[in-house]
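Only one chain is included here, represented as structure tokens and corresponding to the form predicted on its own.
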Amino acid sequence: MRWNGWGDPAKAKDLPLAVRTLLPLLLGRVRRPAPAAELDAVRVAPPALTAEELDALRAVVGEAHVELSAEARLRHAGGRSTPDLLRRRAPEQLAPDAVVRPADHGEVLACLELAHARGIAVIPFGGGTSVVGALDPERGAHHAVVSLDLRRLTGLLALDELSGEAVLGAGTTGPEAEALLAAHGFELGHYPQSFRYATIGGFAAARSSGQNSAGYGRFDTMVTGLRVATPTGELELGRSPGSAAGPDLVRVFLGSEGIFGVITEVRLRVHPVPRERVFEAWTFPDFAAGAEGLRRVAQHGGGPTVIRLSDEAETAVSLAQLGKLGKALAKGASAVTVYEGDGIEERRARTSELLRAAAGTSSGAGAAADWLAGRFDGPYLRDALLDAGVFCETLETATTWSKLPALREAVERTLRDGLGAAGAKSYVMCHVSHIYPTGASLYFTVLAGIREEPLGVWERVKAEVNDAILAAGGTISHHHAVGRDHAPWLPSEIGETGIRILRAIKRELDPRAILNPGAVIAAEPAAHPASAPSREG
């Protein structure tokens, strides 16, 4: 992956002509930013690890797997949020003191024991796709910090075809996992936008939700067992499809983002590769009508594998990317549905009836097939917008169907008002990508012409948005996770008693707090979320 952008450098793209034409209408004149620093010109501090500590790490993983070069450290200096990428443009940057690459569970356990004994902070690192600050090289109270790169923990370790379960190394990427399973006629079917680079362990640690969630569920519902290394011991969890043997400890580590331990192996429910795939796109008079259609589908059950609804603003930009500028200026919301597996015609007929009853109109297969073909490429457009001086960032939440309209309105109003107060015109888009019988997610993309100090402006606006989300009954994160960005707001969601429970688990498993300091659980309880310390430096 690009060190200061998304994905394959060869696939970086310029803005489509229609988008370049549309941007001045939406945002006014935008000033191009100064050129980003080149990788070999970026300054980082010398590694803070002692020679003795480096020798001890090399004794665990091998000399070739402890990297100290500025390039290796910068490639592990954070995730892929817009603030992360803006920081990657600076001539001087923070970076971990070393990149350590263990090969298996035993080496991970030994690295954690060593770090615990010597007071070295450890940031577990999979595909590097976090967008919530979960990969920041934060030392906490320790003298040094290492990035524990898990990509050598890869492969299909076991497959029980009769039971429909597979065990995969935590460092296995999405494409690697699907290729390994496909060789045996199976698939996982988990396709978040980060699919090409994110890892199985990362999906578990962040409670990922893929685009096929309507058919196959969230990633955490696919997990049947985990192997975990902690600074004070190891765990193998999940003995059977169901159990009443106390609280489910598997769930403790799903969503823990590496603060309790490092997930090294994941046991998962898998299914046969679907024999057929059918596409259908829909249009609606407006977002409200489309949301009503999705609610009916979710509550009826047995619908599409994929169902997504874009509001009027997102529909317009999607059409503009395809060069359909005239249609982009028209009103209306749009949806895509994809069906896989058995009983497609029956499921499609039932879903179509429900969507038509909500004023939906089928527009054929084309737009849905186009979406599927390009569904992992959105971040490339984000990078092109940043190069053009347009701030582009995403955020997401979820709530019940009854609260969905008010939550959407609150987030969009807060974004527009907050950016407007900074003198920035903005354009806010929204889509629903995950539905449940009781509610749905809302995923927002905001474009803004922020002229000066975009990081400072965005941190203030995002804090206001987080407050608005919680006030409107939404969750602080549906699938991006907590990281450091959302940690100050977690007490408002789960309560101080919930935070005490998390702190108690961490004290037991990680008593010196070496694992991902400041992630998920804020280092100190904040008096008010808006006073959360800036990560701009």
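Residues carry their position along the shown sequence, with the first being 1. Model, not experiment: these values are computed from the prediction.
Omitted here: the form predicted together with a further copy of the same chain. The next part is about that form.
Asks: Give a yes or no on whether every one of 21, 356 and 371 sits within 4.5 angstroms of a further copy of the same chain in the predicted bound form by heavy atom.
Replies: No.
Asks: Although a further copy of the same chain is absent from this view, report whether residue 479 comes within 4.5 Å of it in the predicted bound form, heavy atoms only.
Replies: Yes.
Asks: Using a 4.5 angstroms cut-off on non-hydrogen atoms, would residue 284 count as touching a further copy of the same chain in the predicted bound form?
Replies: Heavy-atom contact with a further copy of the same chain at 4.5 Å: absent for residue 284.
Asks: Is residue 474 one of the residues lying within 4.5 Å of a further copy of the same chain in the predicted bound form, judged by heavy atom distances?
Replies: Yes, residue 474 sits close enough to a further copy of the same chain in the predicted bound form that at least one of its heavy atoms falls within 4.5 Å.
Asks: Is it the case that residue 73, even though its partner is missing from this view, gets within 4.5 Å of a further copy of the same chain in the predicted bound form, heavy atoms only?
Replies: Contact with a further copy of the same chain, no.
Asks: Within 4.5 Å of a further copy of the same chain in the predicted bound form, heavy atoms considered, which of 465, 123, 398, 424?
Replies: Only one listed residue qualifies here, and that residue is 398.
Asks: Identify, from the list 376, 436, 444, 197, the residue with a heavy atom within 4.5 Å of a further copy of the same chain in the predicted bound form.
Replies: Of the listed residues, the single hit is 436.
Asks: For the chain shown here without its partner, which stretch in 154-162, 450-458, 380-388, 91-99 has non-hydrogen atoms within 4.5 angstroms of a further copy of the same chain in the predicted bound form?
Replies: One stretch meets the cut-off, namely 154-162.
Asks: If you look in the predicted bound form, which residues in 58-83 sit within 4.5 Å of a further copy of the same chain (heavy atoms)?
Replies: Contacts from 58-83: none.
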